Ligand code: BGC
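A single chain comes next, written as structure tokens; it is the form predicted alone.
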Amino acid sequence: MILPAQSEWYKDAIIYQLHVRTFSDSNSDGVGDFRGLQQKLDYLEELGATAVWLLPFYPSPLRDDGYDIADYCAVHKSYGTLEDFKAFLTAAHERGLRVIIEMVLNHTSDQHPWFQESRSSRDNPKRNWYVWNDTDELYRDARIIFIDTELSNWAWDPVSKAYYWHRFFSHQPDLNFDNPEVREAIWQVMRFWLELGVDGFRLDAVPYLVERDGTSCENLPETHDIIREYRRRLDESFPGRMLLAEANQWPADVCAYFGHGDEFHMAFHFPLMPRMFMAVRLEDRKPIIEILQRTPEIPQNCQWSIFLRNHDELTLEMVTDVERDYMYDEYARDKSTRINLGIRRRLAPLIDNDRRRIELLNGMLMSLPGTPVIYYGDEIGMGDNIYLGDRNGVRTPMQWDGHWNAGFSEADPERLYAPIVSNPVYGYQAVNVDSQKRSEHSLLSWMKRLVQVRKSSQVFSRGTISFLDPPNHRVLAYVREYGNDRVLAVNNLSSTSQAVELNLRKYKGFIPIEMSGKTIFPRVGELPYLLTMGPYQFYWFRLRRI
């Protein structure tokens, strides 16, 4: 079943990000699979998600948790079969859930048959499918991304007796996008999944597709040419499908990936995320307003995607050195939680399991411009395991109930791909879906209500934003407008109660109606509108003329 093409559905989406291996194990082998995921789709629907974003599920040596792909057109045997994927896709579409999958364009695994052929001989037809050189002197101006593990972007291949280029791990050689055969091969891969019915792709690591000596090898014009061509073919053959850019860059650079509405439909707003955490710790709205004011306008048919946490580290690439030091000092005093230029923690542990701050941050996530992404388990306040290597600490099994293996699997605990979190604070006995479903005051129940309110008005997903400038810098207030809909959002970023006077003269005569309880507040008049707020409290008011 393929969902009907619907223009700009991605603007109104609530995206739930998950890893098939972490979600639910149907065959008791200790690894999540598509059959298990299919059994949990009702949960996603109840939460209010409208789209599911899956981490890579392709055949892979799993040296980078699947981002090292060995076959683009199949399913890793641990996660099931292609038929299992098709059944899951049909079941998701029956519930109105769209499915977004990863497309790792920039590189493959060194175990991919393409690379094995490419390295086998300098005369092989696929030799030019990767970036080879006899020295490691080219592209010296390109930065090293994985600074904790890689010393160079070049790796020596003893089989081929030459160097190959890689922007990430050395076991992930970069494809050569200057080769039209590579560009066509990737389009055929995309076509394969589109014909099955997937609704969109998250294109991984797009700034790095093309290399030119004397440049940073990022955001080059040729990269945009490639994306435009893929978008043209997508719109031509598969209208209504979506491309989402992973481009961890400053807003002005990311905006280029929207083109004139003819490149990506959506792109992550990476620099906003750390500044939300910064603003809460500083108790000052300045970091959020500053970065959004530095964000250029985007084409009408495009959309930002925003998030609090995901499967990677909380990236600190797009902050200043001073801001990075501040974030490390405040959120990662334990140096073992730092990786590359980021912090490898989940949402709840990052903010000391403070329910009020979790609610405030999610309130901002759901009311600032963009399509929100919820990372699996954050809706129940799951913890992490920093003793697992790399970024695997935030990819532990989903905690469904307080029974054997947290309801994730019936396998012996020793067989699980990763141990269940079982400490007294975040352990599955204390933090799980089943127990939170039983209480209307749980974080899960609160999140369901928040999502429901968000979905009640397109003002959040499509509206403009105007920041207010009250004297109290601890309060972040803005008005979202779309058509005749107006919503005032007021966020207390402070750990103490605050009073704030808002200049709402423009809305004189309007009555604010608090959206979660539909409570009517006093009418707006000439004088500044006075609100008192508890620690980390936020309000959403629908402004109505009544």
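All values reported here derive from a predicted model rather than from experimental measurement. Throughout, we count residues from 1 along the sequence that is shown.
One more form of this protein, predicted together with this ligand, exists but is not displayed; see below.
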- All three of F146, R202 and H311 touching this ligand in the predicted complex at 4.5 Å, heavy atom to heavy atom? yes
- Query: Thinking of this ligand in the predicted complex, which stretch from 348-356, 74-82, 280-288, 168-176 has heavy atoms inside 4.5 Å of it?
  - Reply: 168-176
- Is D64 a contact residue for this ligand in the predicted complex, using a 4.5 Å heavy atom cut-off? yes
- Message: Check D384 for me: does it contact this ligand in the predicted complex (non-hydrogen atoms, 4.5 angstroms)?
- Response: no
- Message: So in the predicted complex, is this ligand close enough to R119 to count as touching (4.5 Å, heavy atoms)?
- Response: no
- Query: Is there a heavy atom of R391 lying 4.5 Å or less from a heavy atom of this ligand in the predicted complex?
  - Reply: yes
- Interface residue in the predicted complex among E246, E263, D378, D110, criterion: non-hydrogen atom within 4.5 angstroms of this ligand: E246
- Residue within 4.5 Å of this ligand in the predicted complex by heavy atom, from R395, R98, R275, R344, is R395
